[in-house]
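First comes one chain, alone, set out as structure tokens in the form predicted alone.
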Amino acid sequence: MKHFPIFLSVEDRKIALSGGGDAALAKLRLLLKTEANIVVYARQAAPEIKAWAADRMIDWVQRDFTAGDASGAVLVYAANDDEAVDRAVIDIARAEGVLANHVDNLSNSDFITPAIVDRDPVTVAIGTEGAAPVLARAIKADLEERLPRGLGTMARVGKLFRKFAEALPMGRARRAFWSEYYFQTGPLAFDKDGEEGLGEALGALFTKHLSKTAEAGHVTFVGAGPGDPELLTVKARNALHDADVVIHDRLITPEILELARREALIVDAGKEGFGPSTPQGDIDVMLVKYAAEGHHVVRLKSGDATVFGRLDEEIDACADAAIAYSVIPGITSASAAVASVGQSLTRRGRNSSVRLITGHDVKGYAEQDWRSLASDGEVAAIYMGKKSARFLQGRLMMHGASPQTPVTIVENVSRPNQRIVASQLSHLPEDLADASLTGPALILYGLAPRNAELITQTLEEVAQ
């Protein structure tokens, strides 16, 4: 992010603009939506600018922008459609310590003006850092259609009521009140009676929520999927949006954590195989503690919470403390990994079952039914298997598995930096070592990528 988005206070503050033509007009139409004192410097000005000056909507100084004109301004716009003149304006503004924008010249600007969706006081600003103005306009058009016409009015009325709403408990109770107002009661009242109906609706809604008993805490176990935020279920997104506390695993991506409310407490409870870990007992205590305080706690687990996530222990902790809980399943890494290699976990005539196994458990390397797994056509998704690859290879080949059995390793499943390594059982440990995998990886035993030759070629090109 090269440009940090902020909303700048401009009420009764000076904004200076140099220029009187089309570029100036385009900026002024936007600036006139503000409560700033707008001063335009131009020898000649378009008829609209003259009319706005006559109506005292702006001040028009009929000369060029010169030294001292930026003094007292909060922003300066250079909009003369003349490169040399606009650069001179920018130099003056910077010399006088004022942020300046050279219209249509990103490299010579201190700030950019975003595309804006105006539902005053609700304002949505859309920026692409100059990379795709067409995309910004498309997003703006989409939001204009989606946001209800009465949103600004509802927000203005709601703002007047905020002091009364402070009588409600902070957190979930207050959020529930405002959510019901903005998404249910408010729109219905506005459509029926306009602005006049909003005050009465707010009062009735406030009385209803004030008499409610405080909700008990709750723990929601959420499967966050393999990493791609678009693979989250709608139910999982809603839980994140509603959470007071989010306790997450090490493998949860930043993009998914971004979906949590800004006010939520985010707790990293990461575990790493053969590395530093948050003790399971500490996690259990945290879940119970925050929920007992009345919070909605989301326990965010990579993949599906029910697959190698120690879910039972955490549910037992909640049950023992009489804490209510629910489970939202997610896409396990095996499903996402096999999709990425163009295969399926089961196939008629090849295998009628599939195994989800782990390479190690609390006692070390995990033992399996190796004889059955070594049979022709068997398929398994092996979690946490990078460090136990040689152990897995030895056990399988000892029980009759063919050295040529295809094996595929998928690192960072579903993420932008996903890598696919095609291998076979006879040289699985060596291929893993050569690939120098640093991210989480899932091993698909008995499956080769559909385009194995193409993938191998691509990996060789990357290595070169």
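Numbering starts at 1 and runs along the sequence shown. Quantities reported herein were computed from a predicted structural model and do not represent experimental measurements.
Here the subject shifts to the form predicted together with a small molecule, a form of this protein not shown in this document.
Enquirer: Only one of 155 to 163, 363 to 371, 180 to 188, 301 to 309 gets a heavy atom within 4.5 Å of the small molecule in the predicted bound form; which is it?
Expert: Heavy-atom contact with the partner occurs in 301 to 309.
Enquirer: With the partner left out of view, is S426 within 4.5 angstroms of the small molecule in the predicted bound form by any non-hydrogen atom?
Expert: S426: no contact with the small molecule in the predicted bound form.
Enquirer: Is P440 close enough to the small molecule in the predicted bound form to count, meaning some heavy atom within 4.5 Å?
Expert: Heavy-atom contact with the small molecule at 4.5 Å: present for P440.
Enquirer: Hey, in the predicted bound form, does Y383 get a heavy atom within 4.5 angstroms of the small molecule?
Expert: Answer yes; at least one heavy atom of Y383 falls within 4.5 Å of the small molecule in the predicted bound form.
Enquirer: Is there a heavy atom of A239 lying 4.5 Å or less from a heavy atom of the small molecule in the predicted bound form?
Expert: Looking in the predicted bound form, residue contacts with the small molecule do not include A239, since no heavy atom lies within 4.5 Å.
Enquirer: Name the residue from I92, L202, L251, I328 that puts a heavy atom within 4.5 Å of the small molecule in the predicted bound form.
Expert: Only one listed residue qualifies here, and that residue is L251.
Enquirer: Using a 4.5 Å cut on heavy atoms, which of T332, N101, S388, N80 is close to the small molecule in the predicted bound form?
Expert: Answer to the contact question: T332.
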